[in-house]
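Before any questions on how it binds or moves, here is one chain, the form predicted alone, in structure tokens.
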């Protein structure tokens, strides 16, 4: 059942609507069913979650009798951004994920943020799906703030991701959707995967398997589910960053999500004008490459890779 949770007038007789699709069991609701909420489309250039929303609903409808709780799916928290392939909210030059929990009496974006926060509040779990930007490829991972790790890590382990990255409290952005919901007691997991402006089907299928496993854990699904893979879990101090020391064209010599040893060749920054190599990039530590540069044009300081030690 498609429901509108926020509606606001736009110029030229248009209306902005934030909508969700609610899936409920065939039997009459008793009022004590748990609810899981799947949200995505906060950034208009992050499309990985669109496939997840589709595939999750497709699988539920094929086995609807196993649904024992409520599934709310919000595919587009920023529909104007998705329509215009814009990360933020067009016309406002705002990152929507810096506006929560919003204000009912604020500007249009703040009002929408407040309605979204209110509607998601009370979920047994919220899965906030993001993609990387167009520059970097990320393996499926859950990013958790340190202050909420005791609650969130057990849930994240069910999501069938490769990696759980626990950030220190000092890096917490208090205006994000996840922080705003976690602080009021609604467990919210931030999933990051893939590349901006693309859909990586194998990552989407992997996450959907995990969502079903979490639904089973919460009592929202009674059917068979795949056993989630055991994720690597790390704190901030175990992640090292490799940044470009010069400008040019980056050509990797390794594959994403592969082990490297200190000194291994990561790739080269090429100079197409002179035909030379501006910089040879080597691993500075042993570990596994979980972030790798996707877009080849780099400037000094551009992120090339992240390595989990």
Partner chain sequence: MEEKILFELDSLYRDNMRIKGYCFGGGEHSVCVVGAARGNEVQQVYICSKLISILEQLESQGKIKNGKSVMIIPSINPYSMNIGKRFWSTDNTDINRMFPGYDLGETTQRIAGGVFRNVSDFKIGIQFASFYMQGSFIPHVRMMKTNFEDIELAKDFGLPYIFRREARPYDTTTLNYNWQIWETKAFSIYTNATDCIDSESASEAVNAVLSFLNKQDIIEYNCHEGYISKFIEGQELVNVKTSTAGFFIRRASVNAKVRQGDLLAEIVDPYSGKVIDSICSPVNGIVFFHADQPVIYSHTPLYRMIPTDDLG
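This is a predicted model, so every value here is computed, not measured. Residue numbers count along the first chain shown, from 1.
There is also a form predicted in complex with its partner chain; it is not shown, and the following applies to it.
Of 154, 122, 106, 223, which one comes within 4.5 Å of its partner chain in the predicted complex, counting heavy atoms only?
Flagged contact: 106.
Should the three residues 54, 147 and 186 be counted as contacting its partner chain in the predicted complex, with contact defined as a heavy atom within 4.5 Å for each?
No: none of 54, 147 and 186 comes within 4.5 Å of its partner chain in the predicted complex.
Work out which of the listed stretches, 106-114, 122-130, 211-219, 225-233, brings a heavy atom within 4.5 angstroms of its partner chain in the predicted complex.
The contacting stretch here is 106-114.
Classify residue 244 as contacting or not contacting its partner chain in the predicted complex by the rule of any non-hydrogen atom within 4.5 angstroms, answering yes or no.
Taking the distances in the predicted complex, the answer for residue 244 is yes, it comes within 4.5 Å of its partner chain.
Give a yes or no for residue 94: in the predicted complex, does one of its heavy atoms lie within 4.5 Å of a heavy atom belonging to its partner chain?
Looking in the predicted complex, residue contacts with its partner chain include residue 94, since a heavy atom lies within 4.5 Å.
Taking 4.5 angstroms as the cut-off for heavy atoms, does residue 31 touch its partner chain in the predicted complex?
Output for residue 31 is no: heavy atoms all beyond 4.5 Å of its partner chain.
Is the gap between residue 198 and its partner chain in the predicted complex 4.5 Å or less for some heavy atom pair?
Flag for residue 198 set to no.
Within 4.5 Å of its partner chain in the predicted complex, which residues of 130-160 have a heavy atom? Give them in sequence order, or say none.
Stretch hits: a single one, 135.
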